[in-house]
Structure formats: C-alpha cells, structure tokens
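Here you get one chain, nothing else, as structure tokens; it is the form predicted alone.
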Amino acid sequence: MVDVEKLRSDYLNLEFDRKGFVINAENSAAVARAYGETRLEFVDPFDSNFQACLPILASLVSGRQLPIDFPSLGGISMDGGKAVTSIEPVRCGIELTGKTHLNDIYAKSGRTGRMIFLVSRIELYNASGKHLASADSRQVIRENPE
C-alpha cells in the first residue's frame, strides 16, 4: 500500500519542470468558438480585451507530468480532470513561463478499492514574473488489490 503521507512530505510544492509557451491567438479563438463561446474577448483576436480561453490554458503541459524520481505507484492510471484558475487575463502572443509542481496528493476509498490522486499544477507567469493563471491536472491511480 502506498504511503501517501510520505509522498506528500517528499514531493509537494517542489518545482520539477519549467517550460516556455506562446499562445497563438487564432488557435485560442478557434477553440473558444468550438465550445460555443460568444464573448468577443475570447473569440475575436482584434478585440482590445482579447485573451486566451481557459481550455487553451488547460491544454498547456510541461515536459514532465511527475518529478523524475517519483516512485511508480503501479495500479491503473486514469485522467482525473482539469481545472484552471485565472488570476489575470492571459494575452496571446506573449512569452509565458510555466512552472510545474505537485500541488496535492491524497487518497480516497471507493467501491473498487483505494485510489491515489496526484494533482500536478502548472503556474503561468509573464516575462515580468507576474502570476497570471494556474492549471491543475489530476491523475487518479486505482491501487491493485492485494
């Protein structure tokens, strides 16, 4: 059985990857239109308030999903969903830096046994170091029955 508290003490909040991004305005607008967005600040790149849509931010990933020395937990791994927190509008065409760390590790028990949740967070910063948004990706691992 995985020692969740040990994983938390060894890996939480330690940056393990950093990657640069530039979001393309046309791509962001196309994604926004595809999911039915109608607000000009998300669908019209020529709008003075144009900004990247949240699904584009959720799609940004660093080169690594977990720290290089993170132990294999075995079991069955599944995507547990995404969540984006917007702090400031993210403008397209600017240099962004994504810094990734494990934000949470926890366990839950269900009908099929215990599941371990790993929440990887990428924080997006502009060139002056201002934190603009965070995107969480949850990985769920169903432990193998013993």
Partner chain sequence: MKIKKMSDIKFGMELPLFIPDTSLSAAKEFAKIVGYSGGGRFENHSQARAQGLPGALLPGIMSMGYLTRVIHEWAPSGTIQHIDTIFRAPILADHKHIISAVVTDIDEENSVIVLDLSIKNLKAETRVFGTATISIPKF
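Numbering follows the first chain given and starts at 1. The structure presented is a predicted model; accordingly, all values stated were derived computationally and were not measured.
The form predicted in complex with its partner chain exists for this protein as well; it is not shown, and the discussion that follows is about that form.
Contact between R138 and its partner chain in the predicted complex is found at the 4.5 Å heavy atom cutoff. When contacts are judged by a 4.5 Å heavy atom cut-off, A34 counts as touching its partner chain in the predicted complex. In the predicted complex, no heavy atom of L66 sits within 4.5 Å of its partner chain. Of the heavy atoms in V84, some are within 4.5 Å of its partner chain in the predicted complex. Residue L54 is the only one of V90, L118, V43, L54 with a heavy atom lying within 4.5 Å of its partner chain in the predicted complex. Judged against its partner chain in the predicted complex with a 4.5 angstroms heavy atom cut-off, the residues A30, S59 and G80 are in contact without exception. Residues in 63-77 all lack a heavy atom within 4.5 Å of its partner chain in the predicted complex.
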